[in-house]
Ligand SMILES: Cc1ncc(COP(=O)(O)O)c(C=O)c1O
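Given next, in structure tokens, is a single chain: the form predicted alone.
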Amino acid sequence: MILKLHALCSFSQRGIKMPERYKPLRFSNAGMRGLKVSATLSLNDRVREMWETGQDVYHLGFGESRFPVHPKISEALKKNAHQRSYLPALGILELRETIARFYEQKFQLKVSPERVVVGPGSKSLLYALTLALGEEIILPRPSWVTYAPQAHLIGKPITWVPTFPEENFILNIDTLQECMAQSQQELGNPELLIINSPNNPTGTMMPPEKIEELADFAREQGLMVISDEIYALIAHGKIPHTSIAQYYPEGSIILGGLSKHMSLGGWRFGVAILPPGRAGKALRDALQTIASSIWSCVAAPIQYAAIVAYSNDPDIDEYITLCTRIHAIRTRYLYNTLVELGVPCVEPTGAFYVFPSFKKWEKALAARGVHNNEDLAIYLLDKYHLATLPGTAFNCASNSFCLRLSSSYIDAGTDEKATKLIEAYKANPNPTTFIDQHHPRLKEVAARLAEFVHELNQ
């Protein structure tokens, strides 16, 4: 053992250990230690590798909306391919004016162009906001895979607030207050809350009355709120999307973008709507400093194309509605399949995710060597070729046996397949016919899930 340790480490005269295997590179412990590659991107890479070796994998792990670029937006990008100069770090004025009108028409929010900031994806804006604001982050559990790692990178502690399936994973104010009080007793300073509705990974949405209740609590406590509303236009249940900025504009920052409702994830375009008044202006100045130091500006052709995407064009609005209806049918089919099999699962009302739990079969799973979420995801991938994400990727307890399943990729893996789905839906929007005649892989997913549950019930 001593020889092995000596081989791995060299000792300077000051007694500092330096791993030899990466020499001359030496990595900082600050921020990086304990972090892993994004679970969603890592799984996507693994699925692609399996596809390349000829394995047939059913991809339920990646939350990428797969519909083709709308022709008007595609044409705008082509027309502006010659745009090559640096643009303002926070976005050109015409684009910010267009986005302000978009938010007023779509979400009834009075937004001035000065409150609009654009960045290379909402992830980058989230990072900049988390860097600029507060000392301690408050996160619901479960929550999207990126929130906690970004806080870790920046070096800010997290106050975790559990949510529960019997409450549809909606943030409970009493629980939030208890967790904040516990953190404060331990000399913490929880002051920046991040919420996400429609929610990834659960697919649930906060009802308007819960949003208003949260807004009142945040104002009372002086909390800052980052509301990630990237799925706002993919609400497909009985609950309407409501932004917390309608009730608490002075303390809320809204995040959005084109990745989900316009299927433009690879374009990396995000939007932040800042609070009004002096506080918002100070935050804008801080973001400008961060943006100018890291990404300079969003790519010029993308900014000009985004003007069209946010133009409230009737054709584009109709396309968004059509894609949302297709997401709803596919997600609802996956949810109904799980419910019919007796798998506990909250009802999705937005986005394209379901979040089932297989904990009721804990003993049967243990008999198969499955003892936690990760084991369950691996078991389904190895035996049934179903690629899913374990609940621990979203900070759930490892023994919850939760998985996130995404309906967005199945039967839409290429532009050609996604285009055919749109054409089929236009020809006959009946949900049953649409699934039966145009979703062979989604139906096979249902069959394999049924086989898995049958196995557990034996």
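A quick note: this is a predicted structure, and the numbers were derived from the prediction, not measured. A residue's number is simply how far along the shown sequence it sits, counting from 1.
Separately, the form predicted in complex with the ligand exists; it is not shown, and the next lines address it.
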Is the gap between residue 324 and the ligand in the model of the complex 4.5 Å or less for some heavy atom pair? no
| query | Can residue 337 be called a contact residue for the ligand in the model of the complex at 4.5 Å between heavy atoms? | reply | no
- Query: Contact between residue 122 and the ligand in the model of the complex at 4.5 Å, heavy atoms?
  - Reply: yes
* Taking 4.5 angstroms as the cut-off for heavy atoms, does residue 152 touch the ligand in the model of the complex? -> no
Contact with the ligand in the model of the complex, heavy atom within 4.5 Å, among 357, 311, 259, 168 goes to 259
Of 268, 236, 156, 241, the only residue with a heavy atom within 4.5 Å of the ligand in the model of the complex is 268
Here the chain appears without its partner; judged in the model of the complex, the stretch of 380-388, 171-179, 227-235, 74-82 with heavy atoms within 4.5 Å of the ligand is 227-235
Taking the ligand in the model of the complex and a 4.5 Å non-hydrogen atom cutoff, the residues of 143-164 making contact are 144, 147
